[in-house]
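Presented below, as structure tokens, is a lone chain in the form predicted on its own.
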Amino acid sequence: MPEQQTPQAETGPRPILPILRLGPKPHLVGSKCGSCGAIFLDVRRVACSKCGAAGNLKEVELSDKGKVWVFSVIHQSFPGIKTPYVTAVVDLPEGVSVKSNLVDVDPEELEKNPQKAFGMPVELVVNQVATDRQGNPVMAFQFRPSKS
């Protein structure tokens, strides 16, 4: 009887969510309806919620730049999570919104001057936030104020 080999587990960085692609240029992905063109922040969607078309969705790369729609400064969180931090809803040019943390911002400054955040141009960044059981880095996306 031939010896069966156990498949080797992949190693390397892991995205924390299925909408994050790491590759050479990290980016978010969504689904685009081939019938009406609607774009969704979801790669597991099987039907379009705008026109009802099924099976006609393809994965598309989303922009790495957006604008802050709304934000909140978080002062209380789970044990081990440093506070305060800023969470926000970021609007992407494709017409989808994504919830994420903002980094490289001063939470106290945004609380004092919230108008600085609303509409703020931001860009996608990817950082290691954990390590999985096999020792691989777990990567999450966040946004920071745009440098351009």
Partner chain sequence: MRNVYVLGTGMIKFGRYPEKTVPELGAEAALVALRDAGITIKEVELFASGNLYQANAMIGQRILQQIGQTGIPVINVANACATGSTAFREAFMAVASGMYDVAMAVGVEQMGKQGLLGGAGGGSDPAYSTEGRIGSGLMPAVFGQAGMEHMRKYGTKLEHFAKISVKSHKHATRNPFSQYQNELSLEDVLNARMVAYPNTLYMCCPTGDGAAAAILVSEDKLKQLAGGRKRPRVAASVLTSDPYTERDLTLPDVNTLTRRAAQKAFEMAGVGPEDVSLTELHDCFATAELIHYENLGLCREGEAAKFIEEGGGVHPDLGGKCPVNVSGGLLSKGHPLGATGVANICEIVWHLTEDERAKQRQVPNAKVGMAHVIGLGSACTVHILTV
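Predicted, not measured: the structure shown is a model, and the values here were computed from it. Positions refer to the first chain, counted from 1. In this text, the rigid core denotes the largest set of C-alpha atoms whose superposition between the two forms falls within 1.5 Å.
Below, we turn to the form predicted together with the partner chain, even though it does not appear here.
Novice: Do Arg44 and the partner chain come within 4.5 Å of each other in the predicted complex, heavy atoms counted?
Specialist: No, Arg44 sits far enough from the partner chain in the predicted complex that none of its heavy atoms falls within 4.5 Å.
Novice: Should Val105 be counted as a contact of the partner chain in the predicted complex, where contact means heavy atoms within 4.5 Å?
Specialist: No - in the predicted complex, heavy atoms of Val105 and the partner chain never come within 4.5 Å of each other.
Novice: Against the partner chain in the predicted complex, would Lys58 count as a contact residue? Criterion: heavy atoms within 4.5 Å.
Specialist: Taking the distances in the predicted complex, the answer for Lys58 is no, it never comes within 4.5 Å of the partner chain.
Novice: Going by a heavy atom distance of 4.5 Å, is Pro26 a contact of the partner chain in the predicted complex?
Specialist: No, Pro26 sits far enough from the partner chain in the predicted complex that none of its heavy atoms falls within 4.5 Å.
Novice: Only counting heavy atoms and a 4.5 Å limit, does any residue of 65 to 93 reach the partner chain in the predicted complex, and if so which ones?
Specialist: Contacting residues: Val68, Trp69, Val70, Phe71, Ser72, Val73, Ile74, His75, Gln76, Ser77, Phe78, Ile81, Tyr85, Thr87, Ala88, Val89, Asp91.
Novice: If we fit on the core, is the Cα of Ser49 displaced 2 Å or more between the shown form and the other one?
Specialist: Shift at Ser49: 2 Å or more after core fit.
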